[in-house]
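The chain below stands alone, shown as structure tokens; this is the form predicted alone.
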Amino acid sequence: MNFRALIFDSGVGGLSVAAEISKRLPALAMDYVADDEFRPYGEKTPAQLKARLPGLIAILANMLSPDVIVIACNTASTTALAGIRAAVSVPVVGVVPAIKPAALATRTGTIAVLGTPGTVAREYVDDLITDFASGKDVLLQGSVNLVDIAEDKLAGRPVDLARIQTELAPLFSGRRGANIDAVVLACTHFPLLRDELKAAVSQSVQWIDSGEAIARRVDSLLGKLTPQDRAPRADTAFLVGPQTNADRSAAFAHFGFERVVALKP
């Protein structure tokens, strides 16, 4: 009697969420799907994501029979979550930028939201700021390059710290930037660069993401479900689009996904 989760992201960023789920629920079987063909989501329009994701997730749910689906992507969650939930019959957990805990953690009253351009421009993020960070000074910064850097890191390629410093420089410039003491990592790729982000900034900053909260939510949902008898299957990563390679397979194996399979769209 086993539960199985489907973790979905545009690339490898969702592995940061999968790691937190595995830490909390080590017996949970997981499949991971990276939509390599369509990334980066941060450069796609809401209409494009709403047109693609519900149908794709429905196909994957039919193929993999998960008990719960985790959309481990802030851009997808803030854009297409309602349509995805309507397309499947199992619980779907989305990623919410951790603005509330950042607002509670700040001592200077200045926080930043670092995500993809698509995420930081969403009305959903504005609503979170209104609801949980009213009275705080909130700076927004979008970056697609940090997504690419995280993908490179997990592929075994060296990380150029200067590139990260260049990406962060506009956020931490000026008096407002100097006051930032909490940064919301509003892209699941970014926790994979936590050590590099810390090294790239001289001031003391808390880097806050949603992984642990998502793991708690998955745990709560599974506690309300009846386990299903299913044939054992190794935790598998499925890549939509390109063929895999040895470096990428090694990266997924590091996170417990023993098999990597390329899916032709």
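Computed from a prediction, not measured in an experiment: that's the story for all the values here. In case it trips you up, residue 1 is the first one in the sequence shown, and so on.
Another form, the form predicted together with a small molecule, is not on view; read the next lines as being about it.
Residues in which of 159-167, 112-120, 84-92, 175-183 have heavy atoms within 4.5 Å of the small molecule in the predicted complex?
-> This holds for exactly one stretch, 112-120.
Is there any non-hydrogen atom of G211 lying within 4.5 Å of the small molecule in the predicted complex?
-> G211 lies outside the contact set for the small molecule.
Partner proximity in the predicted complex: P40 to the small molecule, non-hydrogen atom cutoff 4.5 Å | Within the cut-off, so yes.
V147: heavy atom within 4.5 Å of the small molecule in the predicted complex?
-> Looking in the predicted complex, residue contacts with the small molecule include V147, since a heavy atom lies within 4.5 Å.
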